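Here we start with a single chain on its own, the form predicted alone, put down as structure tokens.
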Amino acid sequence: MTAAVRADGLGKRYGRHWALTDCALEIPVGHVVGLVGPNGAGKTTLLGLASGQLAPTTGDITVLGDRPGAGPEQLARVGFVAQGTPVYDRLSVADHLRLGSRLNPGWDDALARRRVQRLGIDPGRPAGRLSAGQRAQLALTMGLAKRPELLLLDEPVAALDPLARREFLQGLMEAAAEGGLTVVLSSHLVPDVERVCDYLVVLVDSRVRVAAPVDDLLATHHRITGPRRDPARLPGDRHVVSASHTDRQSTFVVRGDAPVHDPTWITGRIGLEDLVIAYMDPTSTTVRTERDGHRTTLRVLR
């Protein structure tokens, strides 16, 4: 089956700065993918490369089996909503829909008008006078009505209030279910990713740290706590994602299929947000100090 996005040795450099380095990635079709990572990790650059707006410095990337932006047919298969959900302030909502129909051969005008009506957005209102949530919904409508096979969204809900975010994500889930399209959603809001995504890609320091279905990640990652121990002494079939220590105790986030058969260790499940944090900050350590009978935990980054 053709991958939605496939990258091999992909890199992008701006001057002396590498925004993306040696990226190896394969995203299968049919998923809603959460692309997460700290600021500056390379998320926007990866989406720019996948949409054909940027050219790679090194390596290769294919989207739906072809080079991004290879021609009109390839461009028609990919929708892109840039960061900040940009729209034209002086154009009305109806103007946006007419523009979309002229620029996109597969434009679904009925879908666009139906979404605008259902959302209660006045077609005659200039986009510059819409609320942030309505502007985001208009941008999503433009992306969906193009009827793409792959929809790329770069931090589309970052500036929205919780209610507007929920409404946007609900609309996205409904559209993905109805249209069977693949979605890549860049976000630093892990609860939003957890709500809508079934596949996760974590970018850290311009490199892919992990990429897999969410259910698989949650099933194979655990938090184990026990007597202080060097990570090298853990069973060899477990990959240590992150480690923290007190003077007597160690806590690890580990990846492995087999359970821990050691009565001195407590094994617990890990949520998606903690899993993402573990991959984003794998070098953190924790030290403990005692003061007035209370435990103080200090997070030390190195």
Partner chain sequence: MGSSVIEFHLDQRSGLSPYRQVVRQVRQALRLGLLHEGDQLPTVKEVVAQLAINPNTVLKAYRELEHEGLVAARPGVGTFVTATLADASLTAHGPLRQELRRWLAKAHRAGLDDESIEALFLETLRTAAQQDIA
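Positions refer to the first chain, counted from 1. Note that the coordinates shown come from a computational prediction; the quantities given were computed from them, not determined experimentally.
There is another form of the same protein, the form predicted together with its partner chain; it is not shown, and what comes next is about it.
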Pick the stretch from 64-72, 24-32, 242-250, 47-55 whose residues have a heavy atom within 4.5 Å of its partner chain in the predicted complex.
24-32
Heavy atom within 4.5 Å of its partner chain in the predicted complex - the one residue of 188, 96, 115, 222 that qualifies:
222
The one option of 161, 109, 89, 174 with any heavy atom within 4.5 Å of its partner chain in the predicted complex is 174
In the predicted complex, does residue 233 come within 4.5 Å of its partner chain, counting heavy atoms only?
no
At the 4.5 Å heavy atom threshold, is residue 197 in contact with its partner chain in the predicted complex?
yes
Do residue 157 and its partner chain come within 4.5 Å of each other in the predicted complex, heavy atoms counted?
no
Taking its partner chain as it sits in the predicted complex, is residue 229 in contact with it (heavy atom to heavy atom, 4.5 Å or less)?
no
Indicate whether the candidate residues 166, 169 and 215 are all in contact with its partner chain in the predicted complex, with contact defined as any heavy atom within 4.5 Å.
yes
